[in-house]
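There is one chain below, alone, in structure tokens, taken in the form predicted on its own.
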Amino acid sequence: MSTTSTMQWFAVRKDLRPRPRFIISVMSFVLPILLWSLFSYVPWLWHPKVEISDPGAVSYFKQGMLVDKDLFYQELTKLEDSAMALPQGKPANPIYLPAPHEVAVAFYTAFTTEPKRRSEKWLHESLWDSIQVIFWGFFLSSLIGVPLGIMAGTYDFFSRLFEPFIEFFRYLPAPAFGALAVAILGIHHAPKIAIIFIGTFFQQVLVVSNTARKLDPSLLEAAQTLGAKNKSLLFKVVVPGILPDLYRDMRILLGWAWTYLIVAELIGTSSGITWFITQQARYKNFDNVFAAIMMIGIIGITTDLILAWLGRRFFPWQQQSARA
């Protein structure tokens, strides 16, 4: 790679060309998978266990059993000087670190494997429960938080009225209100939605208010020169002026809502993807656990990519100004 090409890749505040941008984006996923594969498939890199293929004369060894490497070689040393059969095994990772191909298979089998109990739900049903919790928690948070944030960012009166308390409350951990949410709202979806609401609402007000404050003051001055009053300034200048940045903020805040999902679903009755992860961990099906966790990430990033695509359609002038 030439020096000129390297400088183009690391130019400050300059967009990469489409092809390098695509390659680097792909590498951001390939590199972690490559590292995971190295730990999974290269025996001498990190395999602290031994998978027993032949227990030999060791009575408590069983075929397929995972034992610590030190224990295996300790038993092997004891039997080396005797005529008894030696145990055989191969390096292996702990059960909680499945290989990539095992997780890939679990992506399919998790959806096709029937629940062990009739009262349990299929994975797709659990995912749907989680999506509903995220949707309603974030929708209610946005329904109240966005208007409050715009008001606080536009008018100093509302900023002084709302933000000091919100600044205090946002440091309180949302899960701490779990027991109170169950006591007030019952044990089903409502307290879970409340935790998502608490986890995003207070941050949302502050983020949106900060976005509203970044509006170019010259736009307000121009509108006032043309005779716009307070109401017109708010609805015809401030809101349209911050809409692209507000849309971007909502995409980021939706990601925060997903981070509260696991904690929220531990409250009240067991349900959603959290229930599935807990059950599979209990059965030591860690390939299913990894698959379920990755499903959350896939749903989240797919949603974000769709919203980003819609944003480019809703606000095409933003993309044009960025290129300029």
Partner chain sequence: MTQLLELPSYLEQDDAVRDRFTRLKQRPVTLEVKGLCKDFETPASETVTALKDINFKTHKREFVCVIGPSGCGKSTLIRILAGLEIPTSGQVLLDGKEVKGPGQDRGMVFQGYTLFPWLTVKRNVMFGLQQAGHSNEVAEEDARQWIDLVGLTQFVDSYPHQLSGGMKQRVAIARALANQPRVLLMDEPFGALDAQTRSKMQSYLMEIWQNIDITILFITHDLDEAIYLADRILVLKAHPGEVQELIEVPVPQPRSPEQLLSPEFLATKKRLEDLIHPPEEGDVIDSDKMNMVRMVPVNHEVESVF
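Because the structure is predicted, anything quoted here is derived from the model rather than measured. Residue numbers count along the first chain shown, from 1.
We do not show the form predicted in complex with its partner chain, though everything after this point is about it.
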- Task: Using the partner position in the model of the complex, report whether Gln224 sits within 4.5 Å of its partner chain, counting heavy atoms only.
- Result: yes
- Answer with yes or no whether Gly241 is in contact with its partner chain in the model of the complex, where contact means some heavy atom within 4.5 Å. yes
- Using 4.5 Å between non-hydrogen atoms, is Arg160 touching its partner chain in the model of the complex? no
- its partner chain contact in the model of the complex: Pro316, any heavy atom under 4.5 Å: yes
- Just one of 141-149, 204-212, 230-238, 249-257 has heavy atoms within 4.5 Å of its partner chain in the model of the complex; which? 230-238
- Would you mind picking the one in Leu86, Val105, Leu219, Ala190 that has a heavy atom within 4.5 Å of its partner chain in the model of the complex? Leu219
